[in-house]
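Heads up, the chain below is alone and in the form predicted alone; it's given as structure tokens.
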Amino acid sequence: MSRPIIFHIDVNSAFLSWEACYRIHMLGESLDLRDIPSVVGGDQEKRHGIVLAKSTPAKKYNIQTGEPLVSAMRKCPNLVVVPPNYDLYVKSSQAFIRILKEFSPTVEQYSIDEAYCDMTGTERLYGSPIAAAYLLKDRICDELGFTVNVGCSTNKLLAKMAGELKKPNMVHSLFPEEIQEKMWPLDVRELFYVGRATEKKLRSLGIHTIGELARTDVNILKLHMKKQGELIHSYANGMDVSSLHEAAQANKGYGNSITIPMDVNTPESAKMVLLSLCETVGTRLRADEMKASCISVSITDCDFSYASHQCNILAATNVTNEIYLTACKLFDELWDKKSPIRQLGVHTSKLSSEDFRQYNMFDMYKYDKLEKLDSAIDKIRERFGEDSVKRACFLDGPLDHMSGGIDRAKRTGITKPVDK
């Protein structure tokens, strides 16, 4: 029996690449944004927002993804800034995923510009894994106009690590027999799931490379870092038991979660995140004409401790405000405030497709009117885009007003005409 073969495919500088391809192939522009110092970011005239994606020439100015746009423009006064076009990115992502599904029976979309493919047993179709990876990479470039990196291995972790070895437009392998040569010499910060705080802890223990981490007694790591220490020790040794999961055809529940880019230490900040998640969950429920009568909230803190809480509500709902108020109540009961929050999730279950609402005398929020309001907002967003209507509390803030799941920073435009 052949061993598992997993590909990790990552679009190089996705937002910027998709912008460049669209402008060249659809608008007929001659200047390629990928060849000059350029970024996708906020409003250039108002000089606000952050860098969402950067070109390779922009990297020479030490411009970082996520830094304020005004800072990037100080580093490079001639920087070309283009505003984000999320509709374009979603369509480009869909075209990208369509090609992957022609190569593999199982494709797991990890984000808007990343996906895993299970290529096990496809040798008779495409040849060796490396040959198949080049075939896939070149097909995407030829048909869609942008480049990708492909990482090949026997599990998701090693495939992702392989794809990060060198960019852009490359194919890399990182099979178990190659770990010591290719992965262990890397700085420990390069290991998946090792962030700044974890890196600092590891360096305080005298651990500087992935190899040193792999050879460290796991009990020492658990003593200092609890469950996370055990997890990253497994990763450093190339062990990952997670499997690929395609999106389910029929939903038994609707939920979203988000790993928060900054530590959340206050209930107010956490509830802003919950509101953005509830916006997305409510929209998805209404799009499928479903309602839920069970709502749950999950929390993962910075020590990777996980907890969740759920409750049933009197009447099934898809009203964003109702889901949000219940989520806030659950959150208040759940969070102990001892450790900053790393991830939040909102999930709904016990679904119903009934289009009526069970009224009760305790309805102080007039949810029937809110149902009509949500429906009107959905229609506006469908016609004019998600950002056409947003709550005032999200204006000019760092948090997307509809986040979680395959979020918009992970959620279309066709860079070249694509046959359906």
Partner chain sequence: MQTHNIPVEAISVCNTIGDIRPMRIRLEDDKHQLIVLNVDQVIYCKESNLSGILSYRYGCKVHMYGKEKLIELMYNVQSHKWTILKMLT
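Residue numbers count along the first chain shown, from 1. Nothing here was measured: the structure is a model prediction, and the numbers come from that model.
The same protein also exists as the form predicted in complex with the partner chain; that form is not shown, yet it is the one meant from here on.
Trainee: Is it the case in the model of the complex that Tyr116, Lys160 and Pro168 each bring at least one heavy atom within 4.5 Å of the partner chain?
Mentor: No, none of Tyr116, Lys160 and Pro168 comes within 4.5 Å of the partner chain in the model of the complex.
Trainee: Given a 4.5 Å cut-off on heavy atoms, tell me which of 27-35, 388-396, 65-73, 52-60 is the interface stretch with the partner chain in the model of the complex.
Mentor: Result for this chain: 27-35.
Trainee: Which residue, Leu231, Met272, Leu88, Leu100, is the contact with the partner chain in the model of the complex, using a 4.5 Å heavy atom cutoff?
Mentor: Flagged contact: Leu88.
Trainee: Note which of Val319, Ile210, Val281, Leu144 lies within 4.5 Å of the partner chain in the model of the complex, where distance is taken over heavy atoms; exactly one does.
Mentor: Looking at the other structure, the residue within range turns out to be Leu144.
Trainee: Can you check whether Thr348 is within 4.5 Å of the partner chain in the model of the complex, heavy atom basis?
Mentor: Outside the cut-off, so no.
Trainee: Consider Phe15 of the chain shown here, and say whether it contacts the partner chain in the model of the complex, taking contact as heavy atoms within 4.5 Å.
Mentor: Flag for Phe15 set to no.
Trainee: Within 4.5 Å, heavy atoms only: does Val150 come near the partner chain in the model of the complex?
Mentor: It does not: once the partner chain is placed as it appears in the model of the complex, Val150 has no heavy atom within 4.5 Å of it.
Trainee: If you check in the model of the complex, is Ile299 within 4.5 Å of the partner chain, heavy atoms only?
Mentor: Judged by the heavy-atom cut-off of 4.5 Å, Ile299 is well away from the partner chain in the model of the complex.
Trainee: Taking only heavy atoms into account, state which residues of 54-83 are within 4.5 Å of the partner chain in the model of the complex, ordered by sequence.
Mentor: Read in sequence order, no residue approaches the partner chain (within 4.5 Å, in the model of the complex).
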